[in-house]
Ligand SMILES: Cc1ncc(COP(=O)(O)O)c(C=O)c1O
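Just the one chain here, laid out as structure tokens, in the form predicted alone.
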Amino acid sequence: MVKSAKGALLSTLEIDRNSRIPIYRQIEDFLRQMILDGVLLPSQKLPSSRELALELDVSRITIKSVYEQLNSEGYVQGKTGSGTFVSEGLEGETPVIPSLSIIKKEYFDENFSQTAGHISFSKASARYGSILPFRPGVPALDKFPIKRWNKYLSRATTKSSITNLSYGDLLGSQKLRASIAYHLADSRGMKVDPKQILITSGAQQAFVLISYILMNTNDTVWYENPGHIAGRDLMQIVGGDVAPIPIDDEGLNLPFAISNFPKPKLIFTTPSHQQPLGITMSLQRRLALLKYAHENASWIIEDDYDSEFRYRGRPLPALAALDKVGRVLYVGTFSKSLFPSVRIGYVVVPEMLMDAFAKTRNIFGQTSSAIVEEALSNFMDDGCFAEHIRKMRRLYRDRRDILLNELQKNCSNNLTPQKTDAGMHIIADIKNGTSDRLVHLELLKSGIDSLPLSIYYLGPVQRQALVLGFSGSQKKVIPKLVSKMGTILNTFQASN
């Protein structure tokens, strides 16, 4: 127990050495919460790493790691020769009682052909399922431990409860929801009751449920621009008035949104790794966004699609981990961390909404398999999921580095790749203002996939760039493919 130290007094910090939560995580969580609660004030000095390590009887390396992580998240800052201080400009949250009204279900008057017509214009399904290199969002399918997975699947089929052969729970497997809750606490800093988790058949079903349960026709939706295509198109189809919010260096541009659009019913954001630009939302912006949602009774949809894959430091805590009132609906998926055809995702929602979500899921079709849910729960509980994530982080980091190096070597005349510390893709800006759609199609003729950045925009396109996935491309083939890209791009530019 800490009694005193030069700097802040941390007398209530205690370490539970019998806890499953690592010691560094306990210290991180304590300091983070003290800052958010306003107990530790901006510019306040923290104990030195040596002093705190002595007081807690832990290694100095552990304390240094804690300070480095909090520094990367924006909670603290180190000053050479002076020590570590709480960052300035962090406005702690003041819990408010949200004015929640009973949301009535609206039926939409559109007939089938009109809806189908809207859907037909969506760009979300372009060559759906393609796994050509460098298709974004494709995991390393060649490295998934399929034999081990098959054992869990077989065991779930032959040895699990006979109820798994029926329709399963309306919310999804209780066992899997508990496994996910533990995973979120360990990896995303979220304290979640399994009763708040609803299993879906991927993230898109979660967006469908949210849209139908919480949104009425003509409700305003603040949506990142550029942003996730399928979610945006869905909300327009359901009848939402989607307002495109630009991205700045801190993530979704909240001041711009407040100044230019009506108060929203929903706010869609990808704060951990913006889709597709790769920006990580700053702590200040996260706190401001939460405060705005609390004060204006808006719901935030946090799409955390690939947060497991961070290549410098540990994954940042989720936006939902900072939410004290319950305005964030957190959406996760196993399509990127395992493989897309597993068809399992989930949404974390306030408990008061769970009945509506369960019944709507039932009406729309449960679609996820109770057998697969059982297998996945066992896969997670035995540590196989965490092991796979660790391996993929190392593999994806190597694939990213090779792709960046080869692009610089072979395509510097035509592309400017942007470095990233997270995710499964990079952005490569196209020089000379050439249309990214034309470049994308030219490369596709030779079996090299990508997505044009322009299709992620709603309204005027701000950048011409390619979205290049690296996670699904083998290291040994990347140099040859990028060399081929360079030749194609040089020829294409010369002829245009």
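Here the structure is a predicted model, which means the values were calculated and not measured. In this text, residue numbers run from 1 along the sequence as written.
Same protein, other form: the form predicted together with the named molecule, not shown, and the subject of what follows.
Enquirer: Answer with yes or no whether Lys265 is in contact with the named molecule in the model of the complex, where contact means some heavy atom within 4.5 Å.
Expert: No, no contact at 4.5 Å.
Enquirer: Is there a heavy atom of His228 no more than 4.5 Å from a heavy atom of the named molecule in the model of the complex?
Expert: Yes, His228 sits close enough to the named molecule in the model of the complex that at least one of its heavy atoms falls within 4.5 Å.
Enquirer: Indicate whether the named molecule has at least one heavy atom within 4.5 Å of a heavy atom of Gln204 in the model of the complex.
Expert: Yes, contact at 4.5 Å.
Enquirer: Hey, in the model of the complex, is Gln275 touching the named molecule, heavy atoms inside 4.5 Å?
Expert: Gln275 belongs to the contact set for the named molecule.
Enquirer: Note which of Thr84, Thr280, Gln196, Thr333 lies within 4.5 Å of the named molecule in the model of the complex, where distance is taken over heavy atoms; exactly one does.
Expert: Partner contact (heavy atom, 4.5 Å) among the options: Thr333.
Enquirer: Heavy atom within 4.5 Å of the named molecule in the model of the complex: which of Asp323, Glu374, Asp303, Glu308 fits that? Just give me the one.
Expert: Among Asp323, Glu374, Asp303, Glu308, a heavy atom within 4.5 Å of the named molecule in the model of the complex occurs only for Asp303.
Enquirer: Sort through 388-396, 354-362, 336-344, 374-382 and report the only stretch with a non-hydrogen atom within 4.5 Å of the named molecule in the model of the complex.
Expert: Correct option: 336-344.
Enquirer: Could you list which residues of 403-425 come within 4.5 Å of the named molecule in the model of the complex, counting heavy atoms only?
Expert: Heavy-atom contacts within 4.5 Å come from no residue here.
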